[in-house]
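The form predicted alone is given below as one chain in structure tokens.
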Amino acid sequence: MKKLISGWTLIKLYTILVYVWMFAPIVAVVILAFNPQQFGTFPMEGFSFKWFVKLSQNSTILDAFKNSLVLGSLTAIFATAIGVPAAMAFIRYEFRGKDFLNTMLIAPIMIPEVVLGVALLLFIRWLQQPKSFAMLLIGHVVLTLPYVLLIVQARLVGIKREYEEAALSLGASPFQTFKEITFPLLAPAIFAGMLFAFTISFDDVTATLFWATAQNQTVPVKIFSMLRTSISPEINALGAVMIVLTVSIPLAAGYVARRFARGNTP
């Protein structure tokens, strides 16, 4: 008896269903952001930017957006400033406790954000310090540092030590070697790590709920607060903006990193 449906067909069908299950809610949010009606219904009765205009006039949302941009930018700067020297030390040098220290810095990526959020909150309480923007920034740097570290380490492994040794043998100082040889080759990874850190910080909600004060609320936390009180069409517009930002930034980072990598490949 001939089989009507092969195993590969079932796998393909299952894969398609998984993707539909994952992305259908995201597509629905983006579509409903352009719905002119108060309540989201299908089919929509028109197409409008009404909720985006109302969103741009909401001072609370704009303040949260500003907080997210400032927090994400500072997080990217600090995580990169810590992650790049640490990655170079782990890949280029041998010292006691290297593996332990590397594991400790990467560990936050394996710990649930709820646990991390509660742990840092309890630590700050133990120090008898109030919640503040500085605490929020420290928490986000801890969250994003492993991503910068792993990306830069992966790139450093691919850069042959012979290039740096040749520069040193020709009389260049360690700083000149880093500036003229290592940094140009490492730049794509640094840039990609920085953008990933920004995106993760900008999009985080779970840990931020524990660390943010009323004055330092970010956009994801604001969306969560709005959903607890009522479902406004402005949330769909805000969600669409967040989706565009969090998808486009990593894609742009990957594209720029590949362009830099092609241009700097010796």
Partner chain sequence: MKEKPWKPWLLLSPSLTAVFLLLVIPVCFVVVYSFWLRAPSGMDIPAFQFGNYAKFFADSFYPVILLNTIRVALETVFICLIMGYIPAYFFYRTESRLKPYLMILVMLPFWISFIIRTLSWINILGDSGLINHLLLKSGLISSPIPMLYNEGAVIMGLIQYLLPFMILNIYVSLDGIDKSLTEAAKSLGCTEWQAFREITLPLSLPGVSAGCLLVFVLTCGTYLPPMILGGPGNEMIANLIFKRIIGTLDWPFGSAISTILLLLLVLIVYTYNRYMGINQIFKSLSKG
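Numbering follows the first chain given and starts at 1. Remember, predicted model here, so these are calculated numbers, not experimental data. Each form is matched to the other, and the largest set of C-alpha atoms that superpose within 1.5 Å is called the rigid core.
Beyond what is shown, the protein has a form predicted together with its partner chain; the following relates to that form.
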Practice item. Indicate whether Glu165 is a 4.5 Å heavy atom neighbour of its partner chain in the predicted bound form. Key: yes
Review point. Is Asn236 close to its partner chain in the predicted bound form, meaning a heavy atom pair under 4.5 Å apart or at it?
Key: yes
Review point. Can Val256 be called a contact residue for its partner chain in the predicted bound form at 4.5 Å between heavy atoms?
Key: no
Exercise for review: Determine whether any heavy atom of Asp203 comes within 4.5 Å of a heavy atom of its partner chain in the predicted bound form, and answer yes or no.
Suggested key: yes
Revision key, fill the gap. The one option of Ile111, Ala172, Leu156, Ala187 with any heavy atom within 4.5 Å of its partner chain in the predicted bound form is Ile111
Check your understanding: Taking its partner chain in the predicted bound form, which residues along 73 to 98 bring a heavy atom to within 4.5 Å of it?
Key -> Ile82, Gly83, Pro85, Ala86, Met88, Ala89, Phe90, Tyr93, Phe95, Arg96
**Study point:** Threshold 2 Å Cα movement between this form and the one not shown for Val115, core superposed
**Key:** no
Exercise for review: Tell me, please, whether between this form and the one not shown the C-alpha of Ile124 is shifted by 2 Å or more, with the rigid core used for superposition.
Suggested key: no
Check your understanding: With both forms fit on the core, is the shift of the CA atom of Leu143 between this form and the one not shown 2 Å or larger?
Key -> no
